[in-house]
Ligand SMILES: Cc1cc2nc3c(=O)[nH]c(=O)nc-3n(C[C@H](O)[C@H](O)[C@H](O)COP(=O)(O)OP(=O)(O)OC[C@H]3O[C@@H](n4cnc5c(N)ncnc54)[C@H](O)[C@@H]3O)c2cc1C
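Read the single chain below, which is given as structure tokens and is the form predicted on its own.
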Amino acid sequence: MAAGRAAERGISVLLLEKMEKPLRKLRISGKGRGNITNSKPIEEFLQKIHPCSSFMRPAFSLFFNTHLVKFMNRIGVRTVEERGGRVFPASQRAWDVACALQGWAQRTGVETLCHARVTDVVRGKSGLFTVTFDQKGAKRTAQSAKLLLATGGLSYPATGSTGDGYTFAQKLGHSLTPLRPSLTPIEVAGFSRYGFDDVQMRNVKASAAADGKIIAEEFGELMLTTFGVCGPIILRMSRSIVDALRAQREVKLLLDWKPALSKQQLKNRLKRELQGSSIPNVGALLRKLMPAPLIPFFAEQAELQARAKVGKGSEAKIVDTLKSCALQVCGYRPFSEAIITAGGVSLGEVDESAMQSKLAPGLYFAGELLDLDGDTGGYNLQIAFSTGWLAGEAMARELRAES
């Protein structure tokens, strides 16, 4: 986005791509469907961005979700809006978005070199940047007055995001806030013994508590896996959970499996299930309430035996556990399974009106490399598109002013 916009404004641009083709991570985004943005108005949108959403105001004022949709239409990508304001390509193929962007950049005049792995970046006394890169075993260099780092974070390293940009940013004088996985699944103590094979649960209320204090709450879908839990509501809470674990706080996940029903309503339902029907044991009763793979786990949580007869007190234990099931969080999944990287180049060292370094004039940043991350739902790609567009525009403007 940055390269294409700068070239569109008449600037000579060289794009160095580490992988065999550009936009590897975009091609797998949104489970391959490409959730490119979200239609929420700006104030609601900003609430989904961390840690300092106000940093994005200049970029969003220049290029926001409505601008992105118009731009996508201009380069041949029709879009559709789905539940929660999520915007996808009408084809439901992230690959189509990547190909359209690549074609647009090529038409604007961007020169792209693939298999070009940058190994060093130096800023000389004259202010020029010298970039050393390896292309298919051959060592090459390039010089420029303006340099944009848009190398992504550490998430999904197979796409090429292996943290190279952090090293270059530090070498050029920048500091980093702590890097950690975000939008990542959460590990729960003892879950491996249940053998869950991605059991999906809908309409669940989940709360995360650190040292007894609620730090996050969500409602929606979650999935039970061999190691713990994932799914949309877990991913959205994961940033708070990861930070609490890193601070060595005790974290528990509190689940309300039936948030639409009160305890009394659940008691009444259990009585109806037991009246006039033959329920041989606790497991059979639980089967009326949840998927079969969940029964051994749930019975244990309720301190019941699945094969035991439904006795006095069973109903109360079932109701209490349905409304408040506490799980001990013991960890989180690595960068290879995280959708986004939290942390990065410190925002205080970057001019948000141009995405330019305050420490090294001529150096710009865009995307996940910055200490910015958003919730699931198209927010992170919009951050990337908007910061890229602003950086490209600013680089072109500065070069024209200097010439």
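One rule holds for the numbers: they count along the sequence shown, beginning at 1. Just so we're clear, the structure is a prediction, and the values are computed from it rather than from any experiment.
Here the subject shifts to the form predicted together with this ligand, a form of this protein not shown in this document.
Of the stretches 171 to 179, 249 to 257, 271 to 279, 158 to 166, only 158 to 166 has residues with a heavy atom within 4.5 Å of this ligand in the predicted complex. Under a 4.5 angstroms non-hydrogen atom cutoff, this ligand in the predicted complex has A338 among its neighbouring residues. Contact check for N380: a heavy atom falls within 4.5 Å of this ligand in the predicted complex.
Looking at L23, you'd find a heavy atom of it within 4.5 angstroms of this ligand in the predicted complex. This ligand in the predicted complex is approached by G367, whose closest heavy atom lies within 4.5 angstroms of it.
With the partner omitted from this view, the residue of K263, R117, R107, R93 that lies near this ligand in the predicted complex is R117 [heavy atom within 4.5 Å].
Proximity to this ligand in the predicted complex, defined as a heavy atom within 4.5 Å, holds among S357, N35, S53, N65 only for N35. Heavy atoms of every residue among L16, S29 and T151 are located within 4.5 Å of this ligand in the predicted complex.
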